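Encoded as structure tokens, the following chain is the form predicted on its own, with no partner shown.
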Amino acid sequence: MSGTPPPAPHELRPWHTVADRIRVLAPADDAAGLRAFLDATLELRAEPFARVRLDTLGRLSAAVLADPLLRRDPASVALAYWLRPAQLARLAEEHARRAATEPDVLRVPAGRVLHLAPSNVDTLFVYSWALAFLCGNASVVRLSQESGAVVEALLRVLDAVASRDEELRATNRFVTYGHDDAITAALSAWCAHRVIWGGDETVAAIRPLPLPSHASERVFGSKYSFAVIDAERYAGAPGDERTRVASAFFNDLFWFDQMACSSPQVVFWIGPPDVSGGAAADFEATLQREVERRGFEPTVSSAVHRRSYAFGLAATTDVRVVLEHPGFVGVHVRDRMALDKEVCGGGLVRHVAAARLSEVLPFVDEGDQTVTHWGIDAESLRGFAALAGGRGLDRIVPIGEALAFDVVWDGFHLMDDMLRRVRVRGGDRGRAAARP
């Protein structure tokens, strides 16, 4: 990375006027240092998937697993495994394969990435940042002022790694500030790519803030997800397999209190209605045993909210509410056409019977993200994806992988966002230049 001299007083840049209102969380810095950082990163020279950056993320993976709090948090453990050297090597290989298909195109970093992280998924900001880092960019990551213990621990680990890592320290800042359009606009003037993670309200508030004419943007607004299970195959499955399905579904449901965009809100039981009802009842009983096995206790606020929400549904629609399971509430919807897409969260699971997978298609729209599945054959899934994808669906993955991060997210390849393509044509191939 090459530095740039500080601007003359008459050349003050937008971020100079707001730096005093930004709190740097990691690496440790002050307002003056933040201004210098933003100025210096206007010029960046970094190679995508450089060895030094791969090594940095490998050390971060080990540090997350070594942290007493984070190694007890399943989502943080999943993050650490995603950052491990073997996984990063696969990403590097994918980058090389994709680059090889376009020999006349050179992939270079976008330059500077502004990440506006969500508050409902603790670990997501690290995934977003890590991809930008791998692709050779500098980043500013804005976090909520109401971050919990997991985010604080992740920042503590990042700060510790950065204290011994010049590459990480020189090219990244994790910050927080209140809801202040002036600050976000100033940071947007700095960036070459802006990533907005959040609900539709967040996207609507930030998207109007201008970007430089050369900059790009990717937004991730509110999404809805659900599961599909073959009722007859589930009913005929051995007990240990049904337990495995419940364990995987537990992860999808409870890691982020069912508030992640990819957390399932509905289970569609595909098959005869008389089989679907019994399968759903067994599924609930098995899921409750998994809740007890893990010692999971929902918060009082979640328990009260989901129960009140279920009572509201019972008062307005034809449903049967099951309250016998302490870990969650089951709502059995009798009229599939009355099913809405409001999100309760906190462990409210709706069950719906559908004779065939095709009967789920009318429920799909462009606000949907992830379908998790069990017992459905690959050909049926691909046929469903061909039709549902055109309506808006983004992902179809096995139950247990709803929250697994992937570089293809919401229908876009995120590495493409973090890189620019420079087309190079002509010249004498195979001959060295006579001079630089």
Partner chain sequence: MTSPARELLDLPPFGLSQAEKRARLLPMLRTLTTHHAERCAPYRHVLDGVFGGADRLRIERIEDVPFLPVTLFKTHTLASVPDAEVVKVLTSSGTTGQQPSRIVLDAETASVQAAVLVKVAQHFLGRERLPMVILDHAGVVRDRRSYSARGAGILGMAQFGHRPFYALRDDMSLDEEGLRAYLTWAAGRPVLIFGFTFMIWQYLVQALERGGRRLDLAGGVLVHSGGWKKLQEAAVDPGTFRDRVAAVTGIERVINFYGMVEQVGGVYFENPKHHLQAPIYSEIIVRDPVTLAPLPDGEAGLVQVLSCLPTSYPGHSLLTEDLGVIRGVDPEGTGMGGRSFEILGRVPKAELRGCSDTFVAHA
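Numbering follows the first chain given and starts at 1. Predicted model, so just to flag it, every value in this text is computed and none were measured.
Heads up, the form predicted in complex with the partner chain isn't pictured, but that's what we're talking about next.
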Partner contact for W129 in the model of the complex: the partner chain, 4.5 angstroms, heavy atom: no
message: Please tell me whether any heavy atom belonging to Q87 falls inside 4.5 Å of a heavy atom of the partner chain, as the geometry stands in the model of the complex.
response: no
field: 4.5 angstroms heavy atom contact with the partner chain in the model of the complex for S222
entry: yes
- request: Check whether G312 has any heavy atom within 4.5 Å of a heavy atom of the partner chain in the model of the complex, and answer yes or no.
  value: yes
- prompt: in the model of the complex, does each residue in the set N120, V304 and G345 place a non-hydrogen atom within 4.5 angstroms of the partner chain?
  reply: yes
- prompt: Pick from 312-320, 78-86, 165-173, 361-369: which stretch has a heavy atom within 4.5 Å of the partner chain in the model of the complex?
  reply: 312-320
- prompt: Of Q265, S247, S216, T184, which residue is found within 4.5 angstroms of the partner chain in the model of the complex when only non-hydrogen atoms are counted?
  reply: T184
statement: From D340, E152, E201, E241: within 4.5 Å of the partner chain in the model of the complex by heavy atoms is E201
- request: Residue by residue through 171-191, tell me which have a non-hydrogen atom within 4.5 angstroms of the partner chain in the model of the complex.
  value: Y177, H179, T184
